[in-house]
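Here's a solo chain for you in structure tokens, the form predicted alone.
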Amino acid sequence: MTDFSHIVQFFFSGLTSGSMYALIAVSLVIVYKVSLLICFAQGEFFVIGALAMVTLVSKGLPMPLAFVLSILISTVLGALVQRMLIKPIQNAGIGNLIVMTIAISLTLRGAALLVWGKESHILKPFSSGAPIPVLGATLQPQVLWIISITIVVLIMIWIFFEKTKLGIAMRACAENRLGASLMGISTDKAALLAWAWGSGIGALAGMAVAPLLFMQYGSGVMPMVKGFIAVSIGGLSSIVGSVVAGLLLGTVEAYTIGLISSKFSDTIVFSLLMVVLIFKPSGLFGKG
């Protein structure tokens, strides 16, 4: 029989993975809201951000500086991908665009293999300290960093989209691209910024969990899949829904692994997705 301390420990585990899924889901929603396209390369930005920070720290850079530079690297890379590979075919049809994002994903994964090899890499924790005892369970200090980063990112996104002219312009592009362009808003610049933001947030998710995972060139596949599931459950255009769904997925996954078996975790997660899509195809928080 599982005691209460294990229940709490599973909750912490679910909160950790759920925060990661939520950040990836948010990065997907930001790109989708402006360009109406799911970027299947977000898993690779997740990996590149983490491995870039591992490399910079190993070269002797202070962790705060390595943190900022890794975000900048991923943000610039995302902007370059949008400008050089997505924009030239933006009118080619949604099918071609989706195939392009998959091709970008495979290309970036291959590039990561060339740069960092097949070896697994781990980043030292953002801060030192012993695990914190909570109700018989233990909470790693890095988990507090992950939760804090998630909260700060969400607050920044809310401030940007609600309180800044640029953010309001991007919201206008998300609601009606033609109407926004007629009002003088550059939809191309909005799409470029969305890709840059999305890539940076995806990288941030990888950097936050890197001290808890062994990172290698292919580590972004399953986080991307789970992030996409969170978006589908929460609603393609809903940041709040994606965050809620990401945390829900992480919690369900953790309790399934802890109380039943890891063999059934993906089955239950995908079953949850199918149930939501059957009864509410637009997602729990999506518009019909």
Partner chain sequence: MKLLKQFWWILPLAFIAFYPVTLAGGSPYWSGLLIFVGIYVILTVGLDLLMGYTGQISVGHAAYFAIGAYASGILTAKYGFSPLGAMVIGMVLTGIVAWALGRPVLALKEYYLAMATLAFNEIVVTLIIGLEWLTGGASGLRDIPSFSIFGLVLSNHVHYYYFVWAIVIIVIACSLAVVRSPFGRTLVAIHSDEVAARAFGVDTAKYKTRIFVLASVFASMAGSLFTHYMGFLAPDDFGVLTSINILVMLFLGGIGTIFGPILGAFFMKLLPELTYQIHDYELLLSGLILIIVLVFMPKGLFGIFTAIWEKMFAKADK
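Note that the rigid core is defined as the largest set of C-alphas that superpose within 1.5 Å between two forms. The structure presented is a predicted model; accordingly, all values stated were derived computationally and were not measured. Numbering follows the first chain given and starts at 1.
Another form, the form predicted together with the partner chain, is not on view; read the next lines as being about it.
Taking the partner from elsewhere, Phe40 is found to have a heavy atom lying within 4.5 Å of the partner chain in the predicted complex. At the 4.5 Å threshold, heavy atoms of His121 stay clear of the partner chain in the predicted complex, well away from it.
Proximity of Leu247 to the partner chain in the predicted complex falls outside the 4.5 Å heavy atom cutoff. Contact between Met156 and the partner chain in the predicted complex is not found at the 4.5 Å heavy atom cutoff. Contact annotation: of the candidates Ile151, Leu135, Ala130, Ile89, the single residue with a non-hydrogen atom within 4.5 angstroms of the partner chain in the predicted complex is Ile89. Screening Ile147, Leu113, Leu213, Val76 for any heavy atom within 4.5 Å of the partner chain in the predicted complex leaves a single hit, Leu113. Heavy atoms within 4.5 Å of the partner chain in the predicted complex are found in exactly one of 200-208, 68-76, 138-146, 95-103, that being 95-103. Heavy atoms closer than or equal to 4.5 Å to the partner chain in the predicted complex belong, across 211-243, to the residues Tyr217, Met222, Met224, Val225, Phe228, Leu236, ordered by sequence position. Remark: with the core as the superposition reference, the CA shift of Leu15 between this form and the one not shown stays below 2 Å.
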